[in-house]
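Single chain ahead, by itself, as structure tokens, in the form predicted on its own.
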Amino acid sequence: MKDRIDLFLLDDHKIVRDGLRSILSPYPSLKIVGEESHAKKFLSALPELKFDILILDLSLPDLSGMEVLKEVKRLRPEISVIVLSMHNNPEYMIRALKAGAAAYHSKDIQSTVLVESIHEVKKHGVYYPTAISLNSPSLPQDPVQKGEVLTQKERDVLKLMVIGMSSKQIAAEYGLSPRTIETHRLNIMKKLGTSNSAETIAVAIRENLL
């Protein structure tokens, strides 16, 4: 297996693509081998392109990034996709992960996080706050028992858990005490049959509980 990771950029803003080149160029293990601003041109060329990871924007002029993601996973399932989006929203993140994205970042992340995620995706196939596969055989396959459904508040807490917020941060978001949020987290784990936050988030995404 080659040490270098070949990347392709699909973003309609040249300043973003240039910025990514500037950020990633100091790393000898990473090489941007191509870029495109139009989704349809990229997809038409996809069968002939050779790269390991696509860095994908969701907002494109001619086709949605979510549609591109689904087509890439259909046509070239061996290619990993890292979504780099202006949408810092758990709903977008969950949709992208369920569609096959290996990682999801908002465009205001630190450059070191992006670099770390590229290496983790190449090595493990996935990178998100839980660092756990959605299809892990260790996770319960029937997490929600009959009559045990999440309340709306538990779903709200779960959404913020997915994007990596702590109990203290979630408490501040809803004007509640950290102890109350901890109680919600424990109730969520009990209902889903999980033992930690990583398993809980992975089950929530896999089972479309949000």
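Counting begins at 1, following the sequence as shown. Throughout, rigid core stands for the largest set of C-alpha atoms superposing within 1.5 Å between the two forms. A quick note: this is a predicted structure, and the numbers were derived from the prediction, not measured.
Keep in mind the form predicted in complex with the DNA is missing from the figure; the text below concerns it.
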Pick from 171-179, 50-58, 66-74, 29-37: which stretch has non-hydrogen atoms within 4.5 Å of the DNA in the predicted bound form? 171-179
Please run the contact check for M189 against the DNA in the predicted bound form: heavy atoms, 4.5 angstroms, yes or no? yes
4.5 Å heavy atom contact, T151 and the DNA in the predicted bound form: yes
Does S195 reach the DNA in the predicted bound form if we count a contact as any heavy atom within 4.5 Å? yes
Contact label in the predicted bound form: K159 to the DNA, heavy atom within 4.5 Å: no
If the two forms are fitted on the core, does S177 show a Cα displacement reaching 2 angstroms between this form and the one not shown? yes
Look at K40 and decide if its Cα position differs by 2 Å or more between this form and the one not shown after superposing on the rigid core. no
Checking V162 here: with the core superposed, does its CA move 2 Å or more between this form and the one not shown? yes
With a shift of at least 3 angstroms, figure out whether the C-alpha spacing between K70 and L160 grows or shrinks in the predicted bound form: closer or farther? farther
Relative Cα spacing, S80 and T200, in the predicted bound form - shift of 3 Å or more: closer
